[in-house]
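Shown here is one chain on its own, the form predicted on its own, set out as structure tokens.
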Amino acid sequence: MITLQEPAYAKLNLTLDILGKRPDGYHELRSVMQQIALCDEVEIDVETGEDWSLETDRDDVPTDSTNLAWKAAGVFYQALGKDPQGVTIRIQKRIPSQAGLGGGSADAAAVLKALNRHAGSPFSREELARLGAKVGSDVPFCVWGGTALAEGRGEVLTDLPDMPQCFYCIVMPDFSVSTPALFDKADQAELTYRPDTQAMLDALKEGDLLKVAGNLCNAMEPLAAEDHPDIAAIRTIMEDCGALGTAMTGSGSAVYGIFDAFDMAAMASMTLMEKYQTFLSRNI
């Protein structure tokens, strides 16, 4: 038996735009995405000689073949054309679930990267991201990492200049938002709150943190905030604490603020942790 270890890094959507619904039922998206240091820890035992299994320290995470990490292992070995002779996956969760932070996708990406490294890297980063697309829409970016523009349903990735160094206060409210329901709502609505993606790309090219923070925008946020006023309240508190910009990530419900100083991010976290779960993080 061999044990592999891999961190599973969360993601933030700096911008998120919905361009329409595709014939395959997915939505055409355009999003500037950033990987951050908040992570789960993934361990994989291969060649166990036993049935596949998955263990986690959280009750709200599936431990069967519906888990994206399990699916990722299956996709990898199918593409490799090899029987691993038993796999056990253990996930220590730090990324909250149903938050828009890509926790399950990050776990899946970590499995793909660890197994690929163990097999002698038969797949390039691009090929591994394409395998990830078979598992979930955010998995390709979680394989890719860094700062990138994601298009299509998330599988068309373009490297971008590194996000300027900063600190994030991430706030998880005590409710979750249904991603399918929110997309259905978007299909029925006329989206008027939409990002200026080119302005964000220009800000990243210039390395201007203030401009990056000023161009944060998630087209889905107003739809979620209609039913959950806490989203706007959290943003206001972080802005009062000195956030350069704030936004909801993904389909929510996590909200984050960008700060240019750690102590200000920590102050926002301390203010908000009285009511919400909070995390401090940075770019990687």
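None of the values given here were measured: they were computed from a predicted structure. Just count from 1 along the sequence shown to find any residue number.
If you look for the form predicted in complex with a small molecule, you will not find it shown, but the lines that follow are about it.
Using a 4.5 angstroms threshold between heavy atoms, Gly25 counts as touching the small molecule in the model of the complex. Although the partner is absent here, Gly81 is not a contact residue: none of its heavy atoms lies within 4.5 angstroms of the small molecule in the model of the complex. Under a 4.5 angstroms non-hydrogen atom cutoff, the small molecule in the model of the complex lacks Ile237 among its neighbouring residues. Although the partner is absent here, Val46 lies well away from the small molecule in the model of the complex, with no heavy atom inside 4.5 Å.
Contact annotation: the small molecule lies within 4.5 Å of heavy atoms from the stretch 173 to 181 in the model of the complex, the single such stretch among 205 to 213, 122 to 130, 173 to 181, 96 to 104.
The partner is absent here, but in the model of the complex a heavy atom of Gly136, alone among Pro164, Gly74, Gly145, Gly136, sits within 4.5 Å of the small molecule. Residue in contact with the small molecule in the model of the complex (any heavy atom within 4.5 Å), chosen from Leu244, Ala233, Leu29, Val61: Leu29.
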